[in-house]
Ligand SMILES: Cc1cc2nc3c(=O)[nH]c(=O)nc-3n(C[C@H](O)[C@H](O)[C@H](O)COP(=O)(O)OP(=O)(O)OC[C@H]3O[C@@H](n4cnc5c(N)ncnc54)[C@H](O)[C@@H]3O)c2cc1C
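As a starting point, one isolated chain is supplied in structure tokens, in the form predicted on its own.
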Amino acid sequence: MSNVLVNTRDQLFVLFEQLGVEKLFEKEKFADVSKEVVLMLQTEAEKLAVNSLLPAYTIGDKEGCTFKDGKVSVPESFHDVYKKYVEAGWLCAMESPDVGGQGLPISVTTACSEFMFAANFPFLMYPGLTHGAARLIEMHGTEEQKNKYMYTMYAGKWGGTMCLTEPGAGSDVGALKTVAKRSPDGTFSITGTKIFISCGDHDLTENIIHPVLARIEGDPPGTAGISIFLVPKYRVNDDGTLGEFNDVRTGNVEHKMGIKGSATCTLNFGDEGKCIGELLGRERQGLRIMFDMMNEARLEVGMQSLGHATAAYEHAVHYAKERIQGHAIWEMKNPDAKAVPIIQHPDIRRKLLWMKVHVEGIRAMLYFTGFCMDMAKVSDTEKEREKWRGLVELLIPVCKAYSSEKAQWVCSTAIDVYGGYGYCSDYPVEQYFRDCKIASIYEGTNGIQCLDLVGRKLGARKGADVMNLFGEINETIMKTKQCEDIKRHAAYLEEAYNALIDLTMHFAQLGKSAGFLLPILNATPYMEIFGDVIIGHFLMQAADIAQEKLNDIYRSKNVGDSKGKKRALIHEDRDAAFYDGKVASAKFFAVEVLSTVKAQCEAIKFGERIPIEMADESFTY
């Protein structure tokens, strides 16, 4: 079984040849980072992922988390992995050295984290949530709260969570019932129950700090009345030592189809009236503050999805090269023909290429989103910073929803490549498929992400963000239409792009009339179209770069215009093979996916409202 999880060559292509992350290293904030540093970090991340995280992946799935006497224990193998992960500095690598981090660009740490996500995402949820919670305290906490909680969390000694969901409320956060009662000393008494809390309880750290959404007694209903509180599992004394238990009790651990090494808990706050919380930030700003954590969390869900997809794809390619079965199609009538690796069968090749293009396109989109976050920090003017922040806000729901939907298909297709073996636990792809599914549900269901895109993000800043993104796509179209080798395929991107713009403007007009239900009804298909065009843009942009590099190789090897010599060179030269693969990805995606976008847009514009108009009783009989 292959230990290759990620195409490191493609990572470097996206970072340095496509995004040009070296621009960041010219800024004072990232002056200590260089290409050599990135290569070293990439190597270390892969080593840790392959040597430590990966061996614990299957074991963690089989052992799961145990719940006994009110306490949760994680898979035994996770303890050593956690120690190595924290000691290597990965928990807060992107944070400032002032708080214990390494000050790395988000785009760089995103690339490094891909190895980890591909190797063992259930484990990675523990440090990931801790980082997110500590980051909230860094952004909104008082100096006292930072000293009390943040530094110890960034050091990995204490864990963190995100406590939003409640029984009955689900995705309707405004319906929460957890109550915070004021105490004379300025703290709050917290009472309520939270469900589906990832890493809600475990034995990896000696304490867990819970950011908890609650409503201060007397505050208005709905999201406007929500505040956020820091609630430690164990209270913290003035000298930093642990005090008494804080009445945060674990009710159960969920039994799930996947991510079994991650403890998904029900947490009961204040059953005995002794749960104390501290207000984080200002009163009634809880949801806004929590969303500072959510953007990071949703990019991480996109990376989780990419991790599963790239691992499933790399395993499927390895298996297809090794699995001998059947005859080559041109030898089907020859009874003496030798069996061939299944990668030579056309249908398998088509499946693998479908997986390849989505993995590469999603990788580029996610890395670009991290790059936008970096540029928002280092750009020279506020106008530029607003542009990059706006792109992040627009892309985050796409990173989460589109990536997780396509990753499920990639993992499912990997099972198809393996055939019956893929359905069995002897091979890893069935676990990737089970683990991957949760990504479309938590951190805001994909349906909510689609509504967020259509209902809020398209119109944000009077449409400036979407026009900035469309400007990037149009620039790619104009450039690739001038490239003789790919201009025919670039025409598909242009057609899809124009159809998307037309549909977006159609939605904008409907939003001013009684037809506003149509965009809501079609938010999910719109998201898929929107994502397809973005992915098409990144793949075509990559193909333009790759074709130029490929032509340079052809010239340097003096192969001329001979197709046979070019083909032979691709078989011999790894760089030529890589660049040829990038061009092939863009062409396949253009014909396979982008060619369908216009028809999909026209179908939505037709205005069919059957799902809304059907009687409830018509869904069954």
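Quick caveat: nothing in here was measured; it's all calculated off a predicted structure. Residue positions are given as counts along the sequence shown, with the first one as 1.
Although it is not shown, the form predicted in complex with the ligand is what the next lines describe.
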{"item": "is_contact(C163, the ligand) in the predicted bound form, heavy atom dist at most 4.5 Å", "value": "yes"}
{"item": "Contact label in the predicted bound form: Y234 to the ligand, heavy atom within 4.5 Å", "value": "no"}
{"item": "In the predicted bound form, I441 touching the ligand (heavy atom, 4.5 Å)", "value": "yes"}
{"item": "Interface membership of G170, the ligand in the predicted bound form, 4.5 Å heavy atom rule", "value": "yes"}
{"item": "F196, Y418, W354, F470 - the one with a heavy atom within 4.5 Å of the ligand in the predicted bound form", "value": "F196"}
{"item": "In the predicted bound form, the one of T187, T445, N498, N252 near the ligand [non-hydrogen atom within 4.5 angstroms]", "value": "T445"}
{"item": "Residue stretch of 144 to 152, 499 to 507, 253 to 261, 280 to 288 approaching the ligand in the predicted bound form, non-hydrogen atom distance within 4.5 Å", "value": "253 to 261"}
